[in-house]
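Single chain ahead, by itself, as structure tokens, in the form predicted alone.
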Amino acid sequence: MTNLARIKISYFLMITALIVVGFLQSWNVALTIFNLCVISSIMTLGINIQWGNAGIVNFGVMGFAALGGLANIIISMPPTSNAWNVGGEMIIIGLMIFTLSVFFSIILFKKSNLNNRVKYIISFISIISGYFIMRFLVDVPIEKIEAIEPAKTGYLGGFNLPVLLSWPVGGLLAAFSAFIIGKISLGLRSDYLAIATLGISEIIIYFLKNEDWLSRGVKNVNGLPRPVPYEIELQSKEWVLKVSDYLDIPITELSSIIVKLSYSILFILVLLIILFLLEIAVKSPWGRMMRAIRDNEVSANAMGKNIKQRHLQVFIIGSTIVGLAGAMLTTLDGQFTPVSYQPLRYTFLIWIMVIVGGSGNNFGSIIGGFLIWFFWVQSEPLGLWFISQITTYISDTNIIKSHLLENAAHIRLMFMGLILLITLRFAPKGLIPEVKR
């Protein structure tokens, strides 16, 4: 079967599954699954260009997604004026001093003719001094900021700009972090790189959980602005009332469907733009070079290619896409919850999407994102139905039946493992394999 036929069949089945959910459950559920599937597919595209096209192992997915979520706060939330008055400027000054100390160390290594030992000593002194000066300047202001109505604010807030602007900013934050991480860790062997990126992801999420002045930590930031209308606004529109009467759908349900459809249009537009750009990149000389580096670094290096520099490029591009998807996800949720970013759990899911869909193929990554997230959401009701069926003739007071019904949600983990095993057995290159050019 050709790849084109695989794509047509896979996408048709996925659309059919969503329509079935719409009829059997509700269109609200179907559209919610669809929106999350689109965001998952965008994340998968980011990992696919790193692993599928360059052979880079990135287990720091959730760290970059969390930075995308942070962009929502920085861009769209209104500033907390009292917080800025008691020490916001001092925090900015402290961060700038620490940043300058790091840049001084970098310039010292690049421009200075001193021997390496002296460079290391001066750089160490510079960074440590910058850190302690920063802590001296920001510790007291942070305590004051976090003490300002901690149940409501207790943080600096943002710039009160349109929320759609936070999507590219989320990508830029992830790109900047990827540049720093890549400079440090790229060049390591793949297993060491995987451990390094996972560890750095944990550090980023730990930082966001504990720095209340920036992200409110575990208290979460609720009420993020939307790029689409609110349900209550739509319910007062005359055209919505007419459509509700014509289709005989409750006005509350119809308004929710319209909101989700509006999100779907935005998400699909972003997905198509990213897919278009990645397809151009993959089919270009640059894409062929990246695959050559992936397949044989020694030969590519002998041909004069700067392996580390090219890996850094791909690492930044893929992380930018993941950061963009993270910002979109936080916008859809309407709140920023650092505790929900669980690296081991969701990184595992994203990688299953890449493997099942077909690493090295962008269309495969999209169908992998749709397939895995669809079954991740639906496996709980399916598992509950399955267990109910096999225990029909067992008494309701039976301990084993009660235990199985209470733990039906955990069947999704078994389901993910089963999908992965079946795919690796019968389609080891994924549902839509990479096209060899």
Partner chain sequence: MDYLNGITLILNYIFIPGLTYGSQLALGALGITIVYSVLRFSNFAHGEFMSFGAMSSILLSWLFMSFEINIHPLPTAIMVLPIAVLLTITYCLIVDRLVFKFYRQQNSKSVINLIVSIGVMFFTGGLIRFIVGPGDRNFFDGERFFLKARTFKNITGLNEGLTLKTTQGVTILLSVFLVIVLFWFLNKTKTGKSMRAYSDNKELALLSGINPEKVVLITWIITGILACVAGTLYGLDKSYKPFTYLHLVLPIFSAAIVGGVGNPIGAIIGGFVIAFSELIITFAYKKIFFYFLPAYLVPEGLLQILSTDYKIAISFVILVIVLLIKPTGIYKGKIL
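Each form is matched to the other, and the largest set of C-alpha atoms that superpose within 1.5 Å is called the rigid core. Since the structure is predicted, the reported quantities are computational estimates derived from the model, not experimental observations. Residue numbers count along the first chain shown, from 1.
Keep in mind that the form predicted in complex with its partner chain is missing from the display, and what follows is about it.
- Across the proposed site, Ala175, Lys308 and Leu312 without exception lack any heavy atom within 4.5 Å of its partner chain in the predicted complex.
- Leu404 is the sole member of Leu404, Ala30, Val377, Leu382 with a non-hydrogen atom lying within 4.5 angstroms of its partner chain in the predicted complex.
- The contact with its partner chain in the predicted complex, taken as any heavy atom within 4.5 Å, belongs to Ser190 out of Ser236, Thr99, Asn301, Ser190.
- Residue contact check for Leu424: one or more of its heavy atoms lie within 4.5 Å of its partner chain in the predicted complex.
- Residue contact check for Tyr120: one or more of its heavy atoms lie within 4.5 Å of its partner chain in the predicted complex.
- Although the partner is absent from this view, Phe276 stays clear of its partner chain in the predicted complex, with no non-hydrogen atom inside 4.5 angstroms.
- Residue contact check for Ile200: one or more of its heavy atoms lie within 4.5 Å of its partner chain in the predicted complex.
- Stretch-level contact check against its partner chain in the predicted complex with heavy atoms at 4.5 Å: of 322-330, 260-268, 191-199, 69-77, the positive one is 191-199.
- Applying a 4.5 Å heavy atom cutoff to its partner chain in the predicted complex picks out Gln342, Pro343, Leu344, Phe348, Leu349, Trp351, Ile352, Ile355 from 340-358, in order along the sequence.
- With the core superposed, Val102 shows a C-alpha displacement of at least 2 Å between this form and the one not shown.
- Core-superposed comparison between this form and the one not shown: the C-alpha position of Ile9 differs by less than 2 Å.
- Relative to the superposed core, Leu344 shifts its CA atom by 2 Å or more between this form and the one not shown.
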